[in-house]
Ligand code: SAM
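What follows is a single chain, given as structure tokens, in the form predicted on its own.
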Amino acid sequence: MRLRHIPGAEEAIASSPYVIQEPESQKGCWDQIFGNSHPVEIEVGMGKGRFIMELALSHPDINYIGIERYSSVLLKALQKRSRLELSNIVFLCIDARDMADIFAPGEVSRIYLNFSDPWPKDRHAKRRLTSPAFLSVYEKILASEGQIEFKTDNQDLFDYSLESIPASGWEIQEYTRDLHKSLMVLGNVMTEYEAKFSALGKPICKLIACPPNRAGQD
């Protein structure tokens, strides 16, 4: 992914009250960051933050953590965040592969993966956020009844995910290849990309899955 660097982005992130610095030191203690024991939900690759900030506004009884590794993108989310009265959302500028070093087992109740980079070349498959390598990380931090929710407009990535997730021992609980024409659209919150693609008439795919320690418990 090529992004235009914004001068001063790193400095703004380092000084922002909305970004947790040295998040490894908070492992197992995220309730202290938020000052309560509400469930913690994460969006990996949050972009400009429209999705997760709308969730935070709608659900004050849930704590949200937005993860974005690209400083120039996170800076735009911080500008939006500064205009909102919220106490249940913070951001991290990290690589998602490091999440098991930042969250304790069972500390996260839900992980959102929205319009992730499809990494179309086979040699890059391990970089996909629904690859076995990433699923292993999610499994380490999700609660016993935790879930991932994945949305994409990329049919090839969705096909890959429908295979890789069960192959890793996870259970796909529900999925659709046209979200906005299915019952799964109830309560749906759109991302920037979703709004753009939907306006063009492009179908949105979505699935909900649970890790091996959850599958079969219902």
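The first residue of the shown sequence is 1; numbering continues from there. Only a predicted model underlies this, so the values are computations on that prediction, with no experimental measurement involved.
Beyond what is shown, the protein has a form predicted in complex with this ligand; the following relates to that form.
- Residues with any non-hydrogen atom within 4.5 angstroms of this ligand in the predicted complex fall in just one of 180-188, 25-33, 65-73, 166-174: 65-73.
- Asn114 is the sole member of Asn114, Asn88, Thr130, Gln147 with a non-hydrogen atom lying within 4.5 angstroms of this ligand in the predicted complex.
- Ile94 is the sole member of Ala100, Ala125, Ala143, Ile94 with a non-hydrogen atom within 4.5 Å of this ligand in the predicted complex.
- At the 4.5 Å threshold, heavy atoms of Met46 reach this ligand in the predicted complex.
- In the predicted complex, this ligand stays beyond 4.5 Å of every heavy atom belonging to Glu54.
- Within 4.5 angstroms of this ligand in the predicted complex, the stretch 173-206 places a non-hydrogen atom from each of Thr191, Glu192, Tyr193, taken in sequence order.
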